[in-house]
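Below sits a lone chain in structure tokens, taken as the form predicted alone.
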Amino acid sequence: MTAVLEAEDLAAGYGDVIALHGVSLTVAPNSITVLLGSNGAGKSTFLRTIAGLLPTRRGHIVFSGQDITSCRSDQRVDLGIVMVPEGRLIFPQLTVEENLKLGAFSPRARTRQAEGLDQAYVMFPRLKERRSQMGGTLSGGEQQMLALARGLMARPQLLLLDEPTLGLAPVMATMIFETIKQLKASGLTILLAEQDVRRTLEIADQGYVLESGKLAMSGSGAELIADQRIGSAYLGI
């Protein structure tokens, strides 16, 4: 079965600073693949590079059998790679529904905008209740719902999630993890960077640990959660 995503010897960074040093990984279809590591390990840099928001300094990115290393970010969205960034980055002066409609800007999603709105409101009924409300007046959890729903409006085949539970109350974080599992069950492929290591590994099919921009270890979610090195470094055991 063809991998959804293959990153080979990927290097990227900011200005003169190289933040990724030859990272290679594979994302299988209809899976939850997770990136683990401390702050500054390179998780967000990796996701931004896959999304085309940072240029590739070295290596190759293959999506569904197609080399996309040189593709622009908007071309990657149209192919089906969609990123929900850390910090949500919604438009605070636009309504909930206007934010959602902006998610369907690509040609492949625009013709199904109405269907996408219906699906977003079924998944997140609270957004339907607040569809005429300005995005900036929502709570943090509601803004994360909006950011995730906006990403889904783009009809992704590969959804990149960067710290989706950061700063959320426990009940909202639990809801986000449940939503991620539901999305996988619907057939979506997800690449997730998240600080909540235990709950992330509990839903992960495959995990990769980054340290200082390099791949330190990998394994299934079950293998990593049982690994003493993970327990010592991230789980406090």
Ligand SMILES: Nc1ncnc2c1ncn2[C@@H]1O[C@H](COP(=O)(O)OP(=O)(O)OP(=O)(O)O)[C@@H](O)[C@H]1O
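Numbering starts at 1 and runs along the sequence shown. This is a predicted model, so every value here is computed, not measured.
In what follows, reference is made to the form predicted in complex with the named molecule, a form of this protein that is not presented.
- With the partner omitted here, the stretch from 197 to 205, 58 to 66, 32 to 40, 174 to 182 that lies within 4.5 Å of the named molecule by heavy atoms in the predicted complex is 32 to 40.
- Among residues of the shown chain, E142 is not one whose heavy atoms approach the named molecule to within 4.5 Å in the predicted complex.
- A residue is said to contact a partner when one of its heavy atoms sits within 4.5 Å of a partner heavy atom; S44 meets this definition for the named molecule in the predicted complex.
- Using a 4.5 angstroms limit between non-hydrogen atoms, A19 touches the named molecule in the predicted complex.
- Although the partner is absent here, E98 lies well away from the named molecule in the predicted complex, with no heavy atom inside 4.5 Å.
- Candidate site formed by Y14, R48 and E86: every one of these residues places a non-hydrogen atom within 4.5 angstroms of the named molecule in the predicted complex.
- Taking the named molecule as positioned in the predicted complex, none of the residues of 199 to 227 brings a heavy atom within 4.5 Å of it.
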